[in-house]
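We begin with a single chain expressed as structure tokens, specifically the form predicted on its own.
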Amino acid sequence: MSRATAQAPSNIAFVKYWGARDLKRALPYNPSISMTLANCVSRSTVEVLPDGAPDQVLLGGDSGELSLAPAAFADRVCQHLVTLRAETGTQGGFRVATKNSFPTGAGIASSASGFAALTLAVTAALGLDFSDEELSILARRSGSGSAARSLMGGYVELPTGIVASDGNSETASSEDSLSFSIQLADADHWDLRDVVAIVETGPKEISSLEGHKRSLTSPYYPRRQELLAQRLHVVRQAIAERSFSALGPVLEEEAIDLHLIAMSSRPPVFYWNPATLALLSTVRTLRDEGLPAYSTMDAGANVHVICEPEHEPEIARRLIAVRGVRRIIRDRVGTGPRLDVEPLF
């Protein structure tokens, strides 16, 4: 049987994907823009099994050992395998092994990198040749909108897929086929760094998927939608012009808004812990001292600090000294997925 291994990166969103018109297919209410990372990656090895064989999902350990994945994790992987079988016309089962280079389920977009790697590995194992746009759509259909952005390097936007036609929106089917990622700029365009302060290493209590479901109950959700057109414009222009002073305030506003919506949802979702607050205060202090740095967060307690290369060492030194920080990951803008990587089995 055929086998392939793919590595896909996580990404950090500057403008967030939070809330969806269709959660099953991760059709977003608003466009999102992210920076693809280089070091926070997921690796997935997939082997095609005979027709009718059951799917097998394994996790790779730090020492190279493989173990059965927990049921909840395996179920979500198997759901995506069902989707991929339907889209590729195959009947066989799959043996899947996956491993992350960073904490899983802790707000560092492990679903994005994981489902992007899985999608690439399955299509490669089947010997199928899909375009970047088609792979982006397949990865998004995992239920992780961020996975669509992890299929490309550099700076990436995921549009909504909504196209007006004679004053009306196209059908949901059309939206699904039009919501694929586009690259705004490649990794060589702008060398930005992401210093990730890890304060929680385990899976968060409330998943991102559940957070998406609750987001529409927040009274602030409609207001954020009103603000997004201008924010998207500023971020696109900041990337094009490599303007860190324009980018920073917007990405920080976006992170606060995501968590404001989470906290005001019904029932509310609280992702922060005391170390999160201490880190946000530290970043503000760094700026007061003349060190350009801006914080952002996905759905979790861990904090990403975006900066330019010359300031990365000092920012990392200051963040690791914050009480409650367990480790620092120093990352940067990355070039995207790879297929030339070592298999997990």
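Quantities reported herein were computed from a predicted structural model and do not represent experimental measurements. We number the residues from 1 along the sequence you see.
Not on display, but discussed next: the form predicted together with another copy of the chain.
Stretch 264-272 is the answer when you ask which of 153-161, 110-118, 264-272, 81-89 has residues with heavy atoms within 4.5 Å of another copy of the chain in the predicted complex. The three residues 236, 242 and 326 each lack any heavy atom within 4.5 Å of another copy of the chain in the predicted complex. Proximity of residue 257 to another copy of the chain in the predicted complex: non-hydrogen atoms within 4.5 Å are present. In the predicted complex, another copy of the chain sits beyond 4.5 Å of every heavy atom of residue 185.
Put simply, residue 219 is close to another copy of the chain in the predicted complex: some heavy atom of it is within 4.5 Å.
In the predicted complex, another copy of the chain lies farther than 4.5 Å from every heavy atom of residue 291. This chain is drawn without another copy of the chain; in the predicted complex, the residue among 76, 224, 95, 212 with a heavy atom within 4.5 Å of it is 224. Screening 53, 66, 278, 320 for any heavy atom within 4.5 Å of another copy of the chain in the predicted complex leaves a single hit, 278.
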